[in-house]
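To begin, one chain is listed below as structure tokens, in the form predicted alone.
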């Protein structure tokens, strides 16, 4: 099954990349605020039970994909 993991910085964690993008957009005349940069991970996970596949994806996040000190993840089974 296809799984999509969205990883974002937790609130309160500084995002220098987001700040640089925000300033660049302002330079082009776009009015934006609070730009945050994250990652999107898509993968195929073997299984037919969505709950089991989501649990596997959560284990992957816990062990490798997400730094729990700075980041949070949302998992979507497609």
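Fair warning: this is a prediction, and the values are worked out from it, not measured in the lab. Positions refer to the first chain, counted from 1.
Same protein, other form: the form predicted in complex with a further copy of the same chain, not shown, and the subject of what follows.
Put simply, residue 52 is far from a further copy of the same chain in the predicted bound form: not one heavy atom of it is within 4.5 Å. Put simply, residue 68 is far from a further copy of the same chain in the predicted bound form: not one heavy atom of it is within 4.5 Å. Under a 4.5 angstroms non-hydrogen atom cutoff, a further copy of the same chain in the predicted bound form lacks residue 14 among its neighbouring residues. Within 4.5 angstroms of a further copy of the same chain in the predicted bound form, the stretch 15-34 places a non-hydrogen atom from each of 21, 24, 25, 28, 30, 31, 32, 33, 34, taken in sequence order.
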